[in-house]
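First, one chain by itself in structure tokens, the form predicted alone.
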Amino acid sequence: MKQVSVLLVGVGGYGAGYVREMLDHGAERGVSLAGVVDPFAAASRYYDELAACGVGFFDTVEAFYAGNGADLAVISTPIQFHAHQAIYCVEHGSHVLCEKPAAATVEDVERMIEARDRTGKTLAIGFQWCYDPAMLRLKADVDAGLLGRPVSMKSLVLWPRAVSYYKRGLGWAGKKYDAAGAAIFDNVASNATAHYIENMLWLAGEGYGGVDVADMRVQTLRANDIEMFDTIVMDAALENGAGMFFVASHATGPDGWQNPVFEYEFENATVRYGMLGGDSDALVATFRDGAVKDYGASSTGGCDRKLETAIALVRGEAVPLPCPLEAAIRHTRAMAMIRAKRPEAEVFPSGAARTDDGMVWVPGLKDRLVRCYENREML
């Protein structure tokens, strides 16, 4: 088995999951740590374990590659750094697994595609559901035509976030640009719940390339004091004629949780995931003739499957890449269309929001958004 060296770019936040995977399972996978790039690595809860392994720490990718190399670079940094770091890594000989979203702008993703093609390196994007076994089984049936063409898809996710969520790290959350002028465009749809927009675009398209949004009606709102939005209702038409409806919010309050739920209508079947008012990871298709197919439990969590796929690709194994840049750019284009349709988020009316225990939220918003989802209506 070919040994694979891995550079971890960003070890805080979501990147900590990749650290844990490497520390716990690196040896059995035949991979080793080539280094860590993170100017704040000392703040990582795994810093001491990494240091004990003799790992080198670097502030920038430039500093690492000045005297080192890696077979694979795993990028888990804030959005504004994705394009530059991914391009630099492939240009210096590494394959790349970059966390979602691919980048903040379509132009940045296009630059990533150009660098990938020019260097011949793999550049995978970490939208987790693309790597999920149950979701891949569903995707195979969709592509085989067993469900018929996609007709109408809708998804809902309500994940309340405290003010501390927007203050974490370098304070980039909810911002349009960072201090250096780099685009971020971080919002509820571009980051935390990006998986569920991307999943509809990915499943509705052919192969692993996805499909673009053709047009949309969209409402973006904010209760928090941020530059972007924490709540969205979007009614979109896809280029292949299917409809797509999406509802998400970070402002529904401490009791306003609704984990992901969706209902996808195809010509021959309806696919459902999740449970309104509850929690379920069952992914089930009910066919028009009454037949039912259970694809198994499905989850967007975890780094293991993404890392395993990237390592296999580095080794030259004949495995597919389920989330290439061609799929990820569909989500980036949808985000650009949202900004074009709604350059500024609407602020919830004065007095509508309240603050409790460090959380800004809108009473009654959860029920209103659930009705939007059930009835496919705007807020």
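None of the values given here were measured: they were computed from a predicted structure. The first residue of the shown sequence is 1; numbering continues from there.
From this point on, the text means the form predicted together with a small molecule, which you will not see here.
- For the residues S94, T252, N199, T77, the 4.5 Å heavy atom test against the small molecule in the predicted bound form is passed only by T77.
- Out of the listed residues K121, K100, R305, K154, K100 is the one that sits within 4.5 Å of the small molecule in the predicted bound form by at least one heavy atom.
- Judged by heavy atoms within 4.5 Å of the small molecule in the predicted bound form, the contact stretch among the candidates 175-183, 288-296, 252-260, 162-170 is 162-170.
- By the criterion of a heavy atom within 4.5 Å, G126 is counted among the residues contacting the small molecule in the predicted bound form.
- At the 4.5 Å threshold, heavy atoms of P39 reach the small molecule in the predicted bound form.
- Contact annotation: H195 falls within 4.5 Å of the small molecule in the predicted bound form, judged by heavy atom distances.
- The small molecule in the predicted bound form is not approached by V19, whose heavy atoms all lie more than 4.5 angstroms from it.
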